Each structure stands twice: as structure tokens, then as C-alpha cells.
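Just the one chain here, laid out as C-alpha cells, in the form predicted alone.
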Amino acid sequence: MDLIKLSNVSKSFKGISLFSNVNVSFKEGKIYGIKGHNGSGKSVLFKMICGFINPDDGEIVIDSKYMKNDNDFPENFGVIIDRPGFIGSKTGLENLKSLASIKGEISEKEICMAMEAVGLDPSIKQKMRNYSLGMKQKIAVAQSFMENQSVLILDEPFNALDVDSVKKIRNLLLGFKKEGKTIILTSHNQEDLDFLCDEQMRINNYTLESYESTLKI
């Protein structure tokens, strides 16, 4: 069964047509990469998948095991879209603890482990308003998986990361795939997609089409 299926999905945003009659499906346990130019609709696509906005036409169906308690947002999905609104006067750990308190399913130890996995020291007292862009990005990545989410929807997860950090996050995501997680991500860097993805798609002519990269890595 498909984990996510889009059937004849069309969407305009702020008067601009982004998608027309899109038919595509995503299966469990794979890493999918999506590319498209700025403004092509990548973030809008992810928002539709996550139930934040609705398509104008068509249907998006999520496997029923992720749709419980009549929520529009699928359970057990970890998401990076439009960067979370972290509180600048709190440390990274304090921000993640606040987010984790909503469900109350994980301990501070597990939060610290997520921070360490992306290359952050949870003990530092630096406030997030003084974080570099790369450090903020790592916090965003950590929050997406810290509750052991089964599906990760990641819009440009490598933004602002240095070379070593990119390698660390790439390997982290590959490890998640080995655990059976499903990952759908976007990146402007073809090398990221080639390194990680089982299937690649691009937004072209208002739809999603499969393609094979010619880049050798």
C-alpha cells in the first residue's frame, strides 16, 4: 500500500498555478528527493501532504495508520517546512524541550541524543538568537526526528550547513532509512539527492516527473 498518494492534485497559491493534475505516490522505507526552482511549489507540496493546506482539486491520501483522532496532520511525521519558530531567548535544548512537552513522549536524555546526532552540544548555554544559521538548521533537523518519527518531510535540510555537517546529516538520514523510515526531501544540490535518494522527482510543467541524474558521485 502507498504511504502517500496524490491523485489529480491541482493547486494555485496567491494567484499563481503551481500544480495541475499531479498523480504520484510514495512508498514506505524509501528516500525520495524532489527538486525545483525557487517558487516552483516545493514547500506548498509538503504543506499539502502534511494537511496544513488543501489542494484546490484532487485528493491526497495518507496511510490510515498515520491518520488518527480526526487530525489533519499525520501522526508520527517529522517535518521541516518554513523553519520552526524557535524562541530566541531560550537555548536550543530549552526550545526542543518545549516542543517535546506537547506530546510528553520523550525524555531530556533523548532530546540531548538528537542534538548530539546532528553535531550540537546540548549543554551549551548560548541563546538561540545568537545561533548561527547552521546551528539553527541543526536544531530544526533534530526536532524533526527526536520523537522517533517514522516519516520525515524535510524541505532543504542541508541549508546553511558546512561540508562536515552535510556529511553528518546525510549519514544520519541513511541510517534512518536502514531503520525503515520514509524520507521525502528537497535540495538544490544534486549531489545530496544522488547520494541519498532511491527515487528522484522534479517539479516541471506543473507536475512531478521522475528523472535520473547525470551527475556522477
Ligand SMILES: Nc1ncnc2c1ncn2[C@@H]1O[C@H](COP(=O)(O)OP(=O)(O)OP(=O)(O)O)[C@@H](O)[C@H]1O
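Keep in mind the model is a prediction, meaning the values are calculated, not measured. Sequential numbering from 1, following the sequence displayed.
What follows is about the form predicted together with the named molecule, which we do not show.
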query: Contact stretch among 43-51, 160-168, 56-64, 146-154 - heavy atom within 4.5 Å of the named molecule in the predicted complex; finding: 43-51
query: Candidate site 1, 29 and 178: all three near the named molecule in the predicted complex by heavy atom within 4.5 Å; finding: no
query: Residue 24: touches the named molecule in the predicted complex, heavy atom cutoff 4.5 angstroms; finding: no
query: Non-hydrogen atom contact residue 18 with the named molecule in the predicted complex at 4.5 angstroms; finding: yes
query: The named molecule contact in the predicted complex: residue 37, any heavy atom under 4.5 Å; finding: yes
query: 4.5 Å heavy atom contact, residue 13 and the named molecule in the predicted complex; finding: yes
query: In the predicted complex, residues of 86-119 near the named molecule [heavy atom within 4.5 Å]; finding: none
